[in-house]
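Read the single chain below, which is given as structure tokens and is the form predicted alone.
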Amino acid sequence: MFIGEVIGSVIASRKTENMASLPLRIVRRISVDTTPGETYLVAVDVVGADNGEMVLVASGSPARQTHLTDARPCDAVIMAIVDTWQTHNQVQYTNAATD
């Protein structure tokens, strides 16, 4: 699992039938001190994340363990929208929408 930022969407008008209802987002890894990384991936969004939101992403076989992704060809899933995180007793990030 890692923290990432939603930076875009993938629109695919033709995809496997069991993926038809699942939105796809482009997510960039973020370090715990909020530095953007160089790694990107496409993740199934089961929580309704918007561009610019920080999210928790599960990848590999755990990505297929949500109700919406069970038995579907998913390698990454956005499983939560982050409200805040802290390291070393210091808040690194707070979602402005939850203030």
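All values reported here derive from a predicted model rather than from experimental measurement. Residue indices: 1-based, along the sequence shown.
There is another form of the same protein, the form predicted together with a further copy of the same chain; it is not shown, and what comes next is about it.
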Query raised in the report: N51: heavy atom within 4.5 Å of a further copy of the same chain in the model of the complex?
Result: yes
Requested in this report: Answer for S61 alone: is it within 4.5 Å of a further copy of the same chain in the model of the complex, judged on heavy atom distances?
Outcome: yes
Query raised in the report: Looking at the partner-bound form in the model of the complex, is S21 within 4.5 Å of a further copy of the same chain by any heavy atom?
Result: no
Report summary line: In sequence order, the residues of 2 to 29 that place a heavy atom within 4.5 Å of a further copy of the same chain in the model of the complex are I3, I7, G8, S9, V10, I11, A12, S13, R14, K15, T16, E17, N18, M19, L24, I26, R28, R29
